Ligand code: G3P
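Form predicted alone, single chain, as structure tokens, below.
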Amino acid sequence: MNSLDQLKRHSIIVADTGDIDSIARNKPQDATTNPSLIAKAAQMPQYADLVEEAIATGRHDVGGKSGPTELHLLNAILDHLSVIFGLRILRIVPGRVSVEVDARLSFDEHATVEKGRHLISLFEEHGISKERILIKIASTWEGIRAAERLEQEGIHCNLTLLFGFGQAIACADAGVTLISPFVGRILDWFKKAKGVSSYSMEDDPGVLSVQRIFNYYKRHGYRTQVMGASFRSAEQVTALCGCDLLTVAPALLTELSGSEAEVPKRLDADEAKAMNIERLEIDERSFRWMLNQDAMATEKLAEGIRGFANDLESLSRYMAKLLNS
């Protein structure tokens, strides 16, 4: 049994990509996308038909509205592009696909709720149940509150760009379906801040962060699941064997499938239930204070939002060129 198959015995494996062909090769349970991945995939020749479909559908949507601007048209096209990629992915995976809300709405609770509802409605127009969709939202205070409202409506959410423990607690208290703590980006920050080239797996700050969150959730009976994300190595992935879900890039999935190394279970919900872990209460003030006191989480959250927003802007410019060509 290869390492990937061993891993699948204890964790649900999710493909972290917008490349539909690689998802078909790796056969994960679920798949996640984000603006960076969609922007990259949209410019690959094999997906030109999906881009053309998104443009045509976006034009149809805004065509009946009075005085549609290019911005309105581009926003409609971007929504349809995410949904069309999601639909194609759902033909391959048996489970769910995560589709991200515009990162530029990360501090607008109302707009995030409206965008989440809209994306679900687009999937439902194609006969896809909301049970198969996870709306990805940045783990800001406003994003968490928006996710809480969507969950109350039966719309499941994946809280992303999660780096700090306070973010994780607030997400669980809000009853979100799952969170995606970013293992690799946490490691990147600490390597740079500490001026070191590497950490052992026992001391890897990204791995330790997910372990802490997983044990806290299981100890206190939260239904929110933990999905480790943003891995830098296969060793980071296997160090979290037993985590509820692990979303892994295609290159690492290929590496794991080609390895025969043993993959023991590292995280255990039953063991966590017996741990002496204090339960913390989080409100807006304590959330913002904990985030402020965690330089890594503060910087990586802001950097991640900026990065996704920049990728959306780049994708918008690319789509605008296609519209005007």
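Keep in mind that what you see is a predicted model, and the values were worked out from it rather than measured. Sequential numbering from 1, following the sequence displayed.
What comes next is about the form predicted together with SN-glycerol-3-phosphate, which does not appear here.
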Within 4.5 Å of SN-glycerol-3-phosphate in the predicted bound form, heavy atom basis, the matching stretch of 189-197, 123-131, 229-237, 76-84 is 229-237
Partner-free chain; cross-checking SN-glycerol-3-phosphate in the predicted bound form, the single residue of 55, 291, 62, 37 with a heavy atom within 4.5 Å is 37
Answer key: of 167, 106, 247, 209, within 4.5 Å of SN-glycerol-3-phosphate in the predicted bound form (heavy atoms) is 247
**OP:** May I ask you to check whether residue 182 falls inside a 4.5 Å heavy atom distance of SN-glycerol-3-phosphate in the predicted bound form?
**Re:** yes
When the contact criterion is heavy atoms within 4.5 Å, does residue 96 count as touching SN-glycerol-3-phosphate in the predicted bound form?
no
Checked 114-128 against SN-glycerol-3-phosphate in the predicted bound form; residues with a heavy atom within 4.5 Å, sequence order, are none
